[in-house]
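Starting off, we have a lone chain in the form predicted on its own, written out as structure tokens.
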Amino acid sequence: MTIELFWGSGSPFAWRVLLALEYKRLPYVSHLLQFSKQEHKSPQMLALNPRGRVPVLKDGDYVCFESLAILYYLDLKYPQPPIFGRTPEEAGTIMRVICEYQAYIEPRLTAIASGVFQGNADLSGDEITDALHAVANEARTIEGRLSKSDWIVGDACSAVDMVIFPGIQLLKRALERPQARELSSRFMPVEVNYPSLGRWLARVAALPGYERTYPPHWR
């Protein structure tokens, strides 16, 4: 069966799936959609995902959307190398850390990135400031994990690395914008404030196939 991936440049959710496909060395047909043209909401795409969002993975006749669901599907369908651990305990820890990220970091990270890129928030206001403090606190937790291991959970790259990495890269890109200069001083440069996290970012970027996953419009 042919794997097809429908995705958009800069979507951290699509980036997760691209990282997984490359890590597992799975051949796939890439369909890069243009957000500016609303291609993700075309009749063809709505037939695959009624929510009109990416990523969408099509494997033969099977269609899966929502990034975490796709990662789980890929790991059960193509188990080597595993991305949800090699033991039930490791799998449970990976899922727990992903859940923690989604509950405590991702909404705040999204608020910061949206405020910078869309200009829909006061970057010096309490909401964005509090969001960055929360992200920084959680980053320290991840820093602690990475000070003891090359990967966030276990001794190999896993789904949790693939879930968190695009979010951190999106945050870095937002904080590099001139309008976020004052805000960024509380987090950047990552390599100085969070050295283990900085080395981990470089480690993920050194994985085989990484260049094919990098958002084209970021180059």
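Start at 1 and count along the sequence shown; that's the residue number. Just so it is clear, the structure is predicted and the values come from calculations on it, not from any experiment.
The form predicted in complex with a small molecule exists for this protein as well; it is not shown, and the discussion that follows is about that form.
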property	result
In the predicted complex, F35 touching the small molecule (heavy atom, 4.5 Å)	yes
Contact of P55 with the small molecule in the predicted complex (heavy atom, 4.5 Å)	yes
4.5 angstroms heavy atom contact with the small molecule in the predicted complex for S67	yes
The small molecule contact at F13 in the predicted complex, heavy atom, 4.5 Å	yes
Partner-facing stretch of 156-164, 182-190, 22-30, 39-47, counted where any non-hydrogen atom is within 4.5 angstroms of the small molecule in the predicted complex	39-47
